[in-house]
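Take a look at this one chain, the form predicted alone, written out in structure tokens.
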């Protein structure tokens, strides 16, 4: 069957999430930028997202803004507060000037929080050992839970005040809401643990509170796990029920993902596992040492293929009536066509846009048919130590000294 001309493809037609109409159906995924020193919005972050909007994406997602200072995993993660709203307004104004919309990802990292960076004791669903921080969290009380629910709602209200067109609640990847949903981390025996219904109680309350705070038409998206990728974690059958609950509580759209940051972080991205680059970018000598000598044992590698999350995401799509956003391995016009033809209303793209912020316009103009991103994941490695950038483009603050085996380019740290 002949393919439609580029300009008539569904991916390049307007689409709607709640009361927001987007110029096309391509969203820059919430990929951590590492551009928020002291928890604030920087000029570098503003320019990064301006370029994404200028490059043709319908909406760009500012990644992982913590709902409180205590909710951060790193010192260069943003946390929402009144003082940073003027700079966030500069960001949304810059994106709007380029014709794009802006979303912000709101989250709480739970037991991934860094006491060294925040000064606060990490909290979690249960007293589960966290290999990521070599620590045990404080199990949350009901008062703690109610406080975090309010923090999510307050953060969403501040995001709208700063000019954001949508919010994305992070309920996946092993962060706090995911820690409550997953039986791997949730060992509670009260109303927030045990059955799936109980484990959904806190994340569902967050979505409900944000919806009530934002009114009926503001886009409230939810990123969620379809599988944690670990024994005893969330699986797709659970995820279908979770998706239905999020829809019932007022979610405008769902972004089904996968992986658990402390156990299976590369499940959500796939491709090369850049251990040496992670070590080079890390500022801690002990972590450098551990990564170089034990990284391959601590972190699992997952084979990359295009549209690698579509099969499970289709199960979510069939279970709900709200838009489902496909993320994972969307790198070409063919991938866009397959996603749209399968029934997904929108897609989220991360690495291909980091590699080339103009890729959407290039696809739309038929200048290229596919991204040349090779999924080496070296951009993922450098973001832990500072600003994210495409190492393959030979740009950024790191100088080049060695070339990882089997990868193109001459990247050095």
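Because the structure is a prediction, the values reported are computed rather than measured. Residue numbers count along the first chain shown, from 1.
Absent from the display: the form predicted in complex with a small molecule. The rest refers to it.
- Only one of 50-58, 359-367, 37-45, 345-353 places residue heavy atoms within 4.5 angstroms of the small molecule in the predicted complex, namely 345-353.
- Within 4.5 Å of the small molecule in the predicted complex, a heavy atom is found for all three of 29, 64 and 380.
- The partner is absent here; in the predicted complex, the one residue of 257, 252, 179, 92 having a heavy atom within 4.5 Å of the small molecule is 257.
- When the small molecule is considered in the predicted complex, only one residue from 104, 327, 109, 242 comes within 4.5 Å through any heavy atom, namely 327.
- Although the partner is absent from this view, residue 173 contacts the small molecule in the predicted complex, with a non-hydrogen atom inside 4.5 angstroms.
- In the predicted complex, the small molecule sits within 4.5 Å of a heavy atom of residue 388.
- In the predicted complex, the small molecule lies farther than 4.5 Å from every heavy atom of residue 72.
- Not displayed here, the small molecule is kept clear of residue 213 by more than 4.5 Å at the level of heavy atoms in the predicted complex.
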